[in-house]
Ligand SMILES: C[S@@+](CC[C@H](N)C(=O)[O-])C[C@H]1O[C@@H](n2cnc3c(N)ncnc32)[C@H](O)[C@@H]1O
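For reference, the chain that follows is the form predicted on its own, supplied as structure tokens.
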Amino acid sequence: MTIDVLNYLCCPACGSDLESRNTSVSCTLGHEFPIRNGVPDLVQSTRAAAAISDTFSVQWSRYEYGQDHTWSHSLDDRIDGFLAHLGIDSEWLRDKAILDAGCGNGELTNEVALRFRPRMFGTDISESVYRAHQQFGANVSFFRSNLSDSVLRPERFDAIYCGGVLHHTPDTRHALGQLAPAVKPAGRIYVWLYWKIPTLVYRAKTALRRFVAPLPPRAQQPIVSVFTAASWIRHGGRTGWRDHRLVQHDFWTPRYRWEHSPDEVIGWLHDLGFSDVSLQSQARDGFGLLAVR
């Protein structure tokens, strides 16, 4: 862990500044949080946090660096998307403070750091941040946090990138409200969220998901395997089995999986002080919004 990361973080319990105590970090009011495997762990123990962490810890523990692809995309494609989503070019990033909020396996976070040399930070509620730190800690400052709790000091980041994360929290609007104050004046935030897909098949799968998501991980895995096989066959085996499994795990197992509309989230961002909000990307299952403060 670098001491520098603490200049961007605050205590999730009271909002006070944090300082390092070798094997832990603590605030001026005495709240203490461990440093695990070199990573500050600022997740407060709650049933909701444990459910989210368990799901995505299992998901990313199966990810093989150098072999698998995140959402079947190459790193080059993901970098192109990152720049387009934030509405920036590579020169804009140099020496900026950038947060990947919900960094998962950390590959994109690291690639941005290597190519463009910003001060790059990555956080996730899952234990994936420990593996990410082992792989990429020389280039990225990782910390573990719950996006539903405010752990970020105000106006610290030039940009926050949050792709496909906030809808997996108990309250999407609340989690967005915890991230927003950390964006600097004239800074930007990009969020990607699910929307409803108006098909009978999707509605049937969503109804079935309500029964699958609360199950323990061992009971979920055979169901994920069945739908992985169906997806792999439907796509003619054009992408790898493991890539399909990652997508199916992400649909069936999260405790929370909310769906929103662009207009709804644009209203939230305006309320949070962002005057320039635009629909930056859209796909079959969701949309991305870019907001500038």
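As the structure is a prediction and not an experimental result, all values here were calculated from the model. All residue numbers are counted from 1 along the displayed sequence.
A second form of this protein, the form predicted in complex with this ligand, is not displayed here; the remarks below concern that form.
*Could you tell me if all three of Phe56, Thr70 and Thr169 have a heavy atom no more than 4.5 Å from this ligand in the predicted bound form?*
Verified in the predicted bound form; spot residues all in contact, yes.
*Within a 4.5 Å heavy atom cut-off, is Gly164 in contact with this ligand in the predicted bound form?*
Looking in the predicted bound form, residue contacts with this ligand include Gly164, since a heavy atom lies within 4.5 Å.
*Wondering, does Leu86 line up within 4.5 Å of this ligand in the predicted bound form on heavy atoms?*
Result no; Leu86 lies far from this ligand in the predicted bound form.
*asked:* Can you tell me if Leu179 lies within 4.5 angstroms of this ligand in the predicted bound form, counting non-hydrogen atoms only?
replied: Heavy-atom contact with this ligand at 4.5 Å: absent for Leu179.
*Does this ligand get within 4.5 angstroms of any non-hydrogen atom of Trp60 in the predicted bound form?*
Contact with this ligand, yes.
*Option touching this ligand, based on a heavy atom within 4.5 Å in the predicted bound form, out of Val112, Leu99, Leu147, Val140*: Here the answer is residue option Leu147.
_Listed residue (Val39, Val265, Val224, Ile52) with a non-hydrogen atom within 4.5 angstroms of this ligand in the predicted bound form_ = It is Ile52.
_Tell me which stretch of 210-218, 70-78, 91-99, 197-205 has a heavy atom within 4.5 angstroms of this ligand in the predicted bound form._
Heavy atoms within 4.5 Å of this ligand in the predicted bound form occur in 70-78.
*Using a 4.5 Å cut-off on heavy atoms, what residues in 123-138 are near this ligand in the predicted bound form?*
Heavy-atom contacts within 4.5 Å come from Asp124, Ile125, Ser126.
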